[in-house]
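Starting off, we have a lone chain in the form predicted on its own, written out as structure tokens.
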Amino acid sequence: MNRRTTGTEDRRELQMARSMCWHCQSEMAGEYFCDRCVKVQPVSKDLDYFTCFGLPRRLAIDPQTLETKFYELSRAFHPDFYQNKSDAEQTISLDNSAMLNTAYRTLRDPIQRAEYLLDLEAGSVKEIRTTPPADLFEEILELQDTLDEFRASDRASHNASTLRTKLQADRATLEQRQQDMEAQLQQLFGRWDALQDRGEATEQTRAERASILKSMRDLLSNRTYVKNIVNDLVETIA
């Protein structure tokens, strides 16, 4: 693979792990391949997934654009092209491919993409609720009692059949609640993207950013809690 003949339009001007080529020590201009020795360069460990694909930190991403960029970079880093290269180049190609695959899986899923953006902008989103949201507190406690009663019942009994019917209704209610949360998230995603597109750096903008991020964090946390309850329901009454 001769990178010298591909032309400047094929260069990926993204951050590298270092400012100098690991092999010939010449200065790097941000491409994935050294202009002087044509050796593949490691992707920066600090490179965020959006930048990896040349995308802004927006929550609306065109799937086709993401996929196209993914396959472009996949071809450049695919380990099959490095089987006859040095151990260092093989390791770099494997590491770059692994990072690229993780980035693609994360960004192609809207919820994972939002969680990742939150991680970048405001710290980890993994502070998931361990207690029900306030508006679901009584409902979840009653549901847990019904689940416990169902687990302890004779599955062939009339009582178990009645409990199963109730749990199925509870599942439908919670799944609707989850869909409502996802609709609210979509609205927040739109607000975030509009804010990003404005590119303002005023105090009001910073406050709005913080408010949107907090709302997204709370909704994602609540959604994950409800999703876990639904999964428990499905597994129990299956």
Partner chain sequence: MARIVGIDLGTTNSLVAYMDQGTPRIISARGERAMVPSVVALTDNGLIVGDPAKEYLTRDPERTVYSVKRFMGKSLADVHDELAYFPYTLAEKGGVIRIKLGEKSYSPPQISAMILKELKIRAEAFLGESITKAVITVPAYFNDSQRQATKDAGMIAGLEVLRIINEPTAASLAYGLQEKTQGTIAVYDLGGGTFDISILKLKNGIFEVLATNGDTHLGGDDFDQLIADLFLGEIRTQYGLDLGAHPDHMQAVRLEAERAKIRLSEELKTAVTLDLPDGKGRFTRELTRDQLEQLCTALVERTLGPCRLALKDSELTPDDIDEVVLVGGATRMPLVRQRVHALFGKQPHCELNPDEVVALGAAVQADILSGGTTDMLLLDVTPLSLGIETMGGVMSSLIRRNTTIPASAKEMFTTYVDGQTGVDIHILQGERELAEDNRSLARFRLKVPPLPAGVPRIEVTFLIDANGILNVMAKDMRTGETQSIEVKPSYGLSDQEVERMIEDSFKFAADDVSARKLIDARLDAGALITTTEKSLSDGGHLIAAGEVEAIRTALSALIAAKDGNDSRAIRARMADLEHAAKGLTVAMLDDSLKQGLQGKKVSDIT
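Numbering follows the first chain given and starts at 1. Please read these numbers as outputs of a predicted model, since none were measured by experiment.
Not on display, but discussed next: the form predicted together with the partner chain.
Contact with the partner chain in the model of the complex, judged by any heavy atom within 4.5 Å, is made by just one of 70, 192, 50, 32: 70. The listed set 98, 111, 88, 160 contains one residue whose heavy atoms approach the partner chain in the model of the complex to within 4.5 Å, identified as 98. Remark: residue 104 counts among the residues lining the partner chain in the model of the complex, judged by a heavy atom distance of 4.5 Å or less. Under a 4.5 angstroms non-hydrogen atom cutoff, the partner chain in the model of the complex has residue 83 among its neighbouring residues. Proximity of residue 94 to the partner chain in the model of the complex falls within the 4.5 Å heavy atom cutoff.
The partner chain is not drawn, but in the model of the complex it has no heavy atom within 4.5 Å of residue 146.
At a distance of at most 4.5 angstroms from the partner chain in the model of the complex, all three residues 64, 75 and 79 contribute at least one non-hydrogen atom.
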